[in-house]
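Here we start with a single chain on its own, the form predicted on its own, put down as structure tokens.
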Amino acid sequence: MWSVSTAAPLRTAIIVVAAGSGTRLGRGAPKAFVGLDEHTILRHCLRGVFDAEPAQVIVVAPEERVGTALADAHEAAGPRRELVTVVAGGATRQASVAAGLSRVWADIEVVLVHDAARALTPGDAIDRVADAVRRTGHGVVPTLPVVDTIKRVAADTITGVVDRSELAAAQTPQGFRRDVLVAAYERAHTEFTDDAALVADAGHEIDSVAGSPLAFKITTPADLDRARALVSADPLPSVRPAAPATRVGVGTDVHAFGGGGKLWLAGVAWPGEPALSGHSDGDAVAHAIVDAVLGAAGLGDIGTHFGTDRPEFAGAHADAFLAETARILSRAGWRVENVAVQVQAVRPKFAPRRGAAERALTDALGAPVSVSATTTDGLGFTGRGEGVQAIAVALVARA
């Protein structure tokens, strides 16, 4: 890892594109925010980015994930966090890269564009691309030789063989002179498969450098399994000396009445009350606590770790969610100090069972949880008795 002072002039920016939906991955969350272990795909990608030569880092994320992306980036950056910018992406990949380009600092000369889905790309592969752009002035793409025999196919019939000696598999980051990339984006009127194709269409030369076998793109469930196996053999360091010893997170959750069965809220059952609807039991209090705790530690949110790809949490209660959240924090080197939750609802009446709720939540999380409740004076959906809102604040500390 480079130890160059970030006070030295920076000439390179890296745009990390993390705004994709991840439909083919099928994990119910934007791809970059799916977990590999207790960390997201984006967080693992940023390890390689910050292992490379110091550069401005611009993360392009879905608008609703900008805060999570910033937490991931700050955790990965350590003492380089002043180099980080996070911006909301657009409807297409090119629109997202353009959003990142708009935030590149004025004195940057070389821009690399990197897919967050190539989460295990090592820092030396990133440096190789930047060095080649600076040396040649050309666009640069990291590639790997194609090792499979490639056939031409039409309607399930093989019609010929492609000479694989002329083929290479393109990876990211792809690097360009800043002025060349900006001009190419300004003239682009169609969507291209990657930035090198866009720049080549504008008439510029593109060179190749050696890629990395680790820089494969996580696109399918099989790719995700492969990445998880590699990560388990080389876990991501979870503690950086420059990170603060304590951190605060805020979580909120809302559920409407109308579910089946009994009401579960704040970890306890409420006989005679209408149930909340939701993928699990609709416990807005427990879910707000999960988001607050994970957010404080920079470990994503409830969707990252408890999405629809975790069927064991369908119908689960607070004890399951909070115990697993505590385990995620412990593996990442954090512990929960305490959590405070406010419930906003007309029903149920909390005062008679506040003690039971606090005990249930505290036992499940392994840390003190306090609960307060209020109404909203008849205002909004909570005031009309249509549902429940919970707001949680969590304090976590280095274990």
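From a predicted model like this one, the values you see are computed outputs, not experimental measurements. From 1 onward, residues are counted along the sequence shown.
Keep in mind that the form predicted in complex with a small molecule is not shown, yet the notes after this line are about it.
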{"item": "One stretch from 294-302, 180-188, 200-208, 116-124 that, in the model of the complex, holds residues within 4.5 Å of the small molecule by heavy atom", "value": "116-124"}
{"item": "Val17, Thr23 and Thr92 all contacting the small molecule in the model of the complex, non-hydrogen atom within 4.5 Å", "value": "yes"}
{"item": "One residue of Arg134, Lys217, Arg228, Lys262 in contact with the small molecule, assessed in the model of the complex (non-hydrogen atom, 4.5 angstroms)", "value": "Lys217"}
{"item": "4.5 angstroms heavy atom contact with the small molecule in the model of the complex for Ser280", "value": "no"}
{"item": "The small molecule contact at Lys31 in the model of the complex, heavy atom, 4.5 Å", "value": "yes"}
